[in-house]
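Two forms of a single protein chain come next, each set out by itself as C-alpha cells; they are called structure 1 and structure 2.
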Structure 1
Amino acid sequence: MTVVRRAGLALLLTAAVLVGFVGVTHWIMNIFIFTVMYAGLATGWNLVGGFAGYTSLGHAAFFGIGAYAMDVTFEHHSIGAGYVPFAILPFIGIGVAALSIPLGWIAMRTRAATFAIVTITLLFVVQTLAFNLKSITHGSQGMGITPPPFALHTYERPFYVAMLAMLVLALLITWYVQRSKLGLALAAIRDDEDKAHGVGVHVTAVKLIAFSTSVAIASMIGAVWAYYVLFIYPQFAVDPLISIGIVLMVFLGGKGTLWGPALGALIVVPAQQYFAYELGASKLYLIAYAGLFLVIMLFLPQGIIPSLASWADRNRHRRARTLSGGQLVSPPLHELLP
C-alpha cells in the first residue's frame, strides 16, 4: 500500500513539474502559476486555520509583506537578475516568521470570530502602512522590478517551479505536522482549548509555531508573486480578496486535511481565471465568488475530502453489517444499565 502510495506521489510530483515544461500559451501558463500559488497559500493557511481552528483573514497581509520585501530588496541591493532573487526567499520567510510572533501572540489571545476580526484589521493596517510609508513603498505609486532576462517562450517556467516548490514545502510541513505531537496538540486546541491548557498542552507555543510557519509560507509565496507580476501597489499586494479566496478554497477542499486545500485551489482558481477572462467584468466575478462562497458555506461546510471520507466510511459500515448477516450487534450490557 505505502509503495503504491509513494509511487503515486512521485508520479503526481513529476506530472506537476512537467506541466511547467509543456509548451502552452502564456495565458494557460499564467493559470497554472496562479493555481499552484493559491494551492500553496491555502495549504499553508490550513496549518493555522484548519489544524488549530483559528480562521485567519489576515494572511493577505503577510503575502503583501513578502511581496514588498522582495521589491524593496531589489531596489536597495543589486541582487542581480535571473534566478538569484529566488535565493532570498528563505530570508523573507524567516524574517516574517519572526515578525509574526508578537503579532500572533496578541491576536491569538482572542478566538473564533474575534480572531477573524483582529486578523482582518491587521490586513488593513498593513495596507495603510503600504500607502503611508512612502519612503519604503512609494505609496500608491507602487513599486516595480525590471523584468528578468528569461527566454520569452519559457518566461513563466522559473516562476512556476518556484511556486510549485512552495506548495511542496507547505505540503511537507503539513504532512510532518499531522504526524507529530505538534499536530496532536493543535487538534486538542481546536477541540477544546481550555481543556488543552488543563492537561498541560503548551497551548500558546504550539499556536504560535503554527501561525508563524503558516504566514512565513504566505510571505514567501507573496515574494515569488511580486517577482512574477513585476509591479505592485498597496491594494493589489494586500488584498482582502486573497484572504477570502484562501479561506474559500480550504473550506471547499476540506479544513484540516492534507490535500483538501490544494484540491480546493485546483477547482476554484482555474474557474476564477477563466471567468475573469471570459466575463471580463471583474465585478461579475466578484458576485460569482460571493455566490460560490455562500453555496459552499451552506451546503458543503465540511468540504469535499471530509465529506467523501465519511461517505466511504458509511458505505464500509453498511457492507460490514450486511456481511454479519444484517444483524445489528447489541450494545454491551453495562451500556444498557442506567
Structure 2
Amino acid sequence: MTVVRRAGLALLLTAAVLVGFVGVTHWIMNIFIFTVMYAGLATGWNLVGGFAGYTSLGHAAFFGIGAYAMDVTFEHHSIGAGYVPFAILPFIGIGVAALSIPLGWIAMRTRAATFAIVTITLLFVVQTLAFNLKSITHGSQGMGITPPPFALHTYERPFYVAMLAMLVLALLITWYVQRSKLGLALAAIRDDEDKAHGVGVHVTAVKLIAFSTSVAIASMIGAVWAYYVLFIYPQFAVDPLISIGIVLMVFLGGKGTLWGPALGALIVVPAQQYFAYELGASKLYLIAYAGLFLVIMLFLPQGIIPSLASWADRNRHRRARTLSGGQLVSPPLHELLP
C-alpha cells in the first residue's frame, strides 16, 4: 500500500469516527448507523460471495442468530453501565462461526444456483425456528433487552462506534485475504473449483474458513443491531430483504474488491431510507431495489469500482499508444500486479 493510499485511508477512517461525535439530529445519526451496518455486512459477505464466488442468500439467518444471542444473553442479566453487551460480541462471533462450520460443510457441497437455494432455505428454517421456539425467542411476541443508560443527546454514539468497529474489522480481514495465499486459493476456487482442487488447493477448508469468517461478522453486527433497536421480532431479525440488500450493495460496488461493498452500502442505504420514509408501509420502495438491480446488470455488470478501473486502464493504454506514435506499449510490470 502506497503512502498516498495509507494517508487517504487514515483520513477516511478519521472522518468516519468523527461523524459519530458531530452534533447531528437523531434521525441522521440513525441513517449513519444503518449505512455503516450494511457496509460491514456487505464487506463480510464479500469474503464468500465475492472472493469464493458462492452467492449466499442466507446471511440474514446468521444476522438473526447474533441478534437473538444478544437478547437471550441479557434477558435476565444486567447490562451494567450499558457497555457490557459490546464486550460479548467476540464470543457471539466465535460461537456462530463454530455453528456455521457443519452447516457450511453441507451447503458448500453444492454450487452456483443450488448453493443460493440451499442458503435461502436455511434462512427460512432459522426464521421458522425463531417463530416457534417460544421458550427461547418468545415467538411472534418478540423479545427485548434492557435499554442502556446512555445520555439522550449522544445515545446513538456507542452503537455507531460499535458498528464502525465491525466495519473496520471486516475491511482488515478483506485486506489481509486479498494479499494472502487464502485470497489466491479463493480466486482459484471462484474461477474453476475442480482445477483448484487439482493443483493442490484444500478446497473444503478454504471455503469453510471464508464462510465461517463471513457469517461471524454478520452475527456480531446482528447483535449490535438488536441492542440498538432494543426489541426484535423474527420477521425483522431474520429478514430475506437483509440478504437481498447485502447482495445488491456488493454487486453495485464491485465483487472481490476492498471498498466496493462499502461504496455500494453508502449509495443504497441512504436511498433506501429515503424511499422507505417517503413511501412508507406501501413497500413500493422495493421497486427501486429491482430497478437498481436492472441498472447494474445492464450498465455496470462488474460493479462501480471494477468498471472505473477498466475505464482508467483503457484511457492509460490509449494515451500510451498516442505517445508512442500508435505502437502498443506494454504497461510497467508493477501496474500489472494486484
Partner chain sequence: MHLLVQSIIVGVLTGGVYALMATGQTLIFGVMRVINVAQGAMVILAAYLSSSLFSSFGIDPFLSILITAPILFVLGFTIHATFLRRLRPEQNELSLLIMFAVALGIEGVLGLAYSTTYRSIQTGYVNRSFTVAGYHVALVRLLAFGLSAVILVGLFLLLNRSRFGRSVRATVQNPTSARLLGVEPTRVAAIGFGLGAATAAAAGAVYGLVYPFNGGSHYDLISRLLSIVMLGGLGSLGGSVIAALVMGVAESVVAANVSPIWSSFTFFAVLLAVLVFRPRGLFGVAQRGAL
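Sequence positions of structure 1, starting at 1, serve as the residue numbers. All values reported here derive from a predicted model rather than from experimental measurement. Under this definition, the rigid core comprises the largest set of C-alpha atoms superposing within 1.5 Å between the forms.
S.K.: Name the structure that matches the description of the form predicted in complex with its partner chain.
M.R.: Number 1 is right.
S.K.: Superposing on the rigid core, I want to see if L308 changes position between structures 1 and 2 - specifically a Cα shift of 2 Å or more.
M.R.: Comparing forms between structures 1 and 2, the L308 CA shifts below 2 Å.
S.K.: F299: how large is its C-alpha shift between structures 1 and 2, with the rigid core as the superposition reference, in Å?
M.R.: Shift of F299 at C-alpha, rigid core superposed: 2.7 Å.
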